[in-house]
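Have a look below at one chain only, the form predicted alone, in structure tokens format.
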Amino acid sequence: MEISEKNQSFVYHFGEMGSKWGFNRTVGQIYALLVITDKPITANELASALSISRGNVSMGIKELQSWQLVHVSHIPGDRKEYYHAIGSVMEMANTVFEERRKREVDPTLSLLRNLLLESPTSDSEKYAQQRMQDIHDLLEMITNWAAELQKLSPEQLSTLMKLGTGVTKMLSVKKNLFSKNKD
């Protein structure tokens, strides 16, 4: 399978970004190629296009399946497995966010809840516990907000995101008016 120079640039960059988003470079490259390829492709095609071993492809596909980002399909009469990315870009982003929440935020919230159940035994522990409570509350607020956002359709979410700058401008105007009225 041949990849154009432009597509190769995207795939390599996505691989580098993948390490910042929660999976390794090779997995990021595999996923990027699946996202921009218009038809399902085999593991051998992935290995050839990315110049990586078939074993790396296999491990990468397993990782992407654990993230619920890749689907396997079969063609009647063909024994090969074909892979493709699942859903729209918004659905992919939603899936990655949800998986990261499960893997990173939920364990942190569980730890914080357990630590906050214990009574502080010193002033330093009391201070630390208050800071932990603040972190807990922020994570809870973000998690609840994200859950509400996930209920929106891609169109509604897009509209909300476009409103974002208008809302921040409105809040700035309100803040400025409130400050002037106080003076």
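Being a predicted model, the structure only gives us computed values, none of them experimental. Residues carry their position along the shown sequence, with the first being 1.
FYI, the form predicted together with another copy of the chain isn't displayed, but the following is about it.
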* Partner contact for Ser66 in the predicted complex: another copy of the chain, 4.5 angstroms, heavy atom -> no
* Is Glu125 close enough to touch another copy of the chain in the predicted complex, meaning at least one heavy atom pair within 4.5 Å? -> yes
* Is there a non-hydrogen atom of Arg100 within 4.5 angstroms of a non-hydrogen atom of another copy of the chain in the predicted complex? -> yes
* Contact label in the predicted complex: Ile75 to another copy of the chain, heavy atom within 4.5 Å -> no
* To do: Just give me the residues of 140 to 162, first to last, that have a heavy atom within 4.5 Å of another copy of the chain in the predicted complex.
  => Met141, Ile142, Trp145, Glu148, Leu149, Lys151, Leu152, Gln156, Ser158, Thr159, Leu160, Met161, Lys162
